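The chain below stands alone and is given as structure tokens, in the form predicted alone.
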Amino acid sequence: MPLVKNGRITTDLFVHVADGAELPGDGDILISAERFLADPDILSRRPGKTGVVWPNNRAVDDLVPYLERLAAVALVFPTFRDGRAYSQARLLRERHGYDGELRATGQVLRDQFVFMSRAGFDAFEVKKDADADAFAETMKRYSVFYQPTGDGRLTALNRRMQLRHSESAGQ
């Protein structure tokens, strides 16, 4: 499954480890929320980075105490009509200050890519290589937005204010 990260198709360094499967001795892993919460201390001491696949029907507040230990959080879109992971992403970025990889997984569709990015996602698991190419191109399409969101970009208003301030300071 292709991974788009920061607008580019990239190799996924995380290995998805199924519940009940043996953990690799080292390397980066993505595990289920249940497996992580069963023993977060042991998992965060193993060599390699740890990431968690967090379901959209579980409160992110349960994850907050462990955010500093996690290199990645994969939020699940079970269907394209279910947008709860958007809210989870914004909460993690804006309220809880999570700065690790925030990955969209599941029904990640190309027409929702910009919205996912604006909500704070910086990595996307896609089903087809053609979608990965389209996502990479879409990331370059828009450079200015009106609405403030969790991706850290300045809004059009903030850009105008900065420009006016720098122009008036230069006079």
Partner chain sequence: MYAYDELDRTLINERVSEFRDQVKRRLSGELTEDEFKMLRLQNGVYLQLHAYMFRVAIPYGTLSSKQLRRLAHVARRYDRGYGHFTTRQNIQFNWIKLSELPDALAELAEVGIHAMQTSGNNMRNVTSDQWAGVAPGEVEDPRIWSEILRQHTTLHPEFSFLPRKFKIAITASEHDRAAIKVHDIGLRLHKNADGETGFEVLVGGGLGRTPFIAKTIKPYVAGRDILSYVEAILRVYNQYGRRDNIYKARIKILVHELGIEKFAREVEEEWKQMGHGALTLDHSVVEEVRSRFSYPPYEKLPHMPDELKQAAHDPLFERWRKNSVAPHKVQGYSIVTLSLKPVGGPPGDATADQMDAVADLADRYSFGEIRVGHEQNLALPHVAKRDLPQLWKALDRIGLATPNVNLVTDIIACPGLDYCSLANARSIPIAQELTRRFANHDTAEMIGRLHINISGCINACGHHHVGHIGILGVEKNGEEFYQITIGGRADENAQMGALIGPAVPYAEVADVIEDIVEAYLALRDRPEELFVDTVKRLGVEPFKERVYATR
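Here the structure is a predicted model, which is why all the values come from computation and not from measurement. Residue numbers count along the first chain shown, from 1.
What follows is about the form predicted together with the partner chain, which we do not show.
Participant: Closest heavy atom of Thr50 to the partner chain in the predicted bound form, within 4.5 Å or not?
Facilitator: Contact check for Thr50: no, nothing within 4.5 Å of the partner chain in the predicted bound form.
Participant: Heavy atoms within 4.5 Å of the partner chain in the predicted bound form: does Arg93 have any?
Facilitator: Taking the distances in the predicted bound form, the answer for Arg93 is no, it never comes within 4.5 Å of the partner chain.
Participant: Even though the partner isn't displayed, in the predicted bound form is Gln147 close enough to the partner chain, meaning a heavy atom within 4.5 Å?
Facilitator: Yes, Gln147 lies within 4.5 Å of the partner chain in the predicted bound form.
Participant: Does Arg35 reach the partner chain in the predicted bound form, with heavy atoms at most 4.5 Å apart?
Facilitator: Contact with the partner chain, no.
Participant: Out of Val15, Met161, Ile9, Ala21, which one falls within 4.5 Å of the partner chain in the predicted bound form, going by heavy atoms?
Facilitator: It is Met161 that has a heavy atom within 4.5 Å of the partner.
Participant: With the distance limit set at 4.5 angstroms and only heavy atoms considered, check whether Pro2, Val64 and Arg103 all reach the partner chain in the predicted bound form.
Facilitator: Result no, not one residue of the spot touches the partner chain.
Participant: Report the stretch among 64-72, 22-30, 104-112, 36-44 that approaches the partner chain in the predicted bound form to within 4.5 Å, counting heavy atoms only.
Facilitator: It is the stretch 104-112.
Participant: Just to make sure I understand: among 72-97, which residues lie within 4.5 Å of the partner chain in the predicted bound form, judging by heavy atoms?
Facilitator: Those in contact are Phe80, Arg81, Asp82, Gly83, Arg84, Tyr86, Ser87, Arg90, Leu91, Arg95.
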